[in-house]
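Next up: just one chain, as structure tokens, the form predicted alone.
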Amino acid sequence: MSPKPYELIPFPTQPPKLERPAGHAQFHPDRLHGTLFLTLTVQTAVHISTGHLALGSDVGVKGIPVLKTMTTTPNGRLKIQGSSLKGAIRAMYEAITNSTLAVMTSRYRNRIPPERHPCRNKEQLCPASRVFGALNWQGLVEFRDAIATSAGSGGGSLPPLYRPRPDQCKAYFQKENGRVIGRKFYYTHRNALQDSSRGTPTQQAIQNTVFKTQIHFKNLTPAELGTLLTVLGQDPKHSMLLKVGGGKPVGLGSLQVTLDKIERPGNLKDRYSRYDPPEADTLEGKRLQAFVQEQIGAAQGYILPEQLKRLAAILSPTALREPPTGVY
């Protein structure tokens, strides 16, 4: 049997600290607002399925008669939905802060520690829920869809994968009480496994495809923004790749994030009291790096160091593994 392509990051021992979120009614002068401009470069093929089938010739993929498609723009450029990015980034943010789960199924409710159940009171939220949202709470970050910078896509064959079967794997649960140990993350791999004989034909964003996207943020504390930047792999001591889409167990879905610039409103009063908004304060180059390091520094004590160390080891862009070729 092949080694497991994933690892569980244990929940913190202390319950999360629940607080009232900053709110949307005003821009607080002592908090941070702006837009992150990101470049996402595909390291291993990405497939985020629409659930629809199409002729390969209709989506520009030669040699495959019928395949499962990805979302595209009207002019044929591949698109990674903002919701997919938000889900992947939130999971990482939850793992390195003392947060609850975002969602859970009723089937495993009794096996998840009560303090990790999703937040239900919008006045009492965990760190991740204050930033990304919870029931009846929109959150403080907004994700744009990531659009490929050029037209065209590739094709591949996703190997057959079984659904997760936690009931059949004791490693998911604590021996003493049978409760879930923690959050599950798949390793980053050197390449994406394809299976042309038994696999499912899929439209894929091939290696080195480049996407552009933006994340808008408002009313974040320096620690919250620093944690978000850490999750995006901007801490040189803890570089990480994102993992999105299907086929993560067999190596698909790795993205390298590059922070191109940050735009911050120069004067909030001018921004919302004029028809012609003033130019934003744009941070690039050395100013950008200094700002990023300042926010990451502010997140020390907010981020759980052991959880960050383990997550960075799983999602490392340099310690890449080979995907399992058999049963694992």
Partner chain sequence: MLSDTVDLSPQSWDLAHGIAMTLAKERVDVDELSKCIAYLRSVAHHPDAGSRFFRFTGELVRETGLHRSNETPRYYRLIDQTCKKYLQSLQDRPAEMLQILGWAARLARYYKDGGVPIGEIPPPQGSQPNDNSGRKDSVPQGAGNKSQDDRQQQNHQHQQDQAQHQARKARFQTGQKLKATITNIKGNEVTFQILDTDTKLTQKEPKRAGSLSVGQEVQVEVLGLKEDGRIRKAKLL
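Quantities reported herein were computed from a predicted structural model and do not represent experimental measurements. Positions refer to the first chain, counted from 1.
Below: the form predicted together with its partner chain, not depicted.
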ask   = Going by heavy atoms within 4.5 Å, which of 260-268, 28-36, 286-294, 63-71 lines up against its partner chain in the model of the complex?
value = 63-71
key: D58, heavy atom within 4.5 angstroms of its partner chain in the model of the complex   = yes
inquiry  = Given that its partner chain is not shown alongside this chain, does P201 nevertheless sit within 4.5 Å of it in the model of the complex, heavy atom to heavy atom?
reply    = yes
ask   = Do H52 and its partner chain come within 4.5 Å of each other in the model of the complex, heavy atoms counted?
value = yes
remark   = Within 23-38, the residues having any heavy atom within 4.5 Å of its partner chain in the model of the complex are none
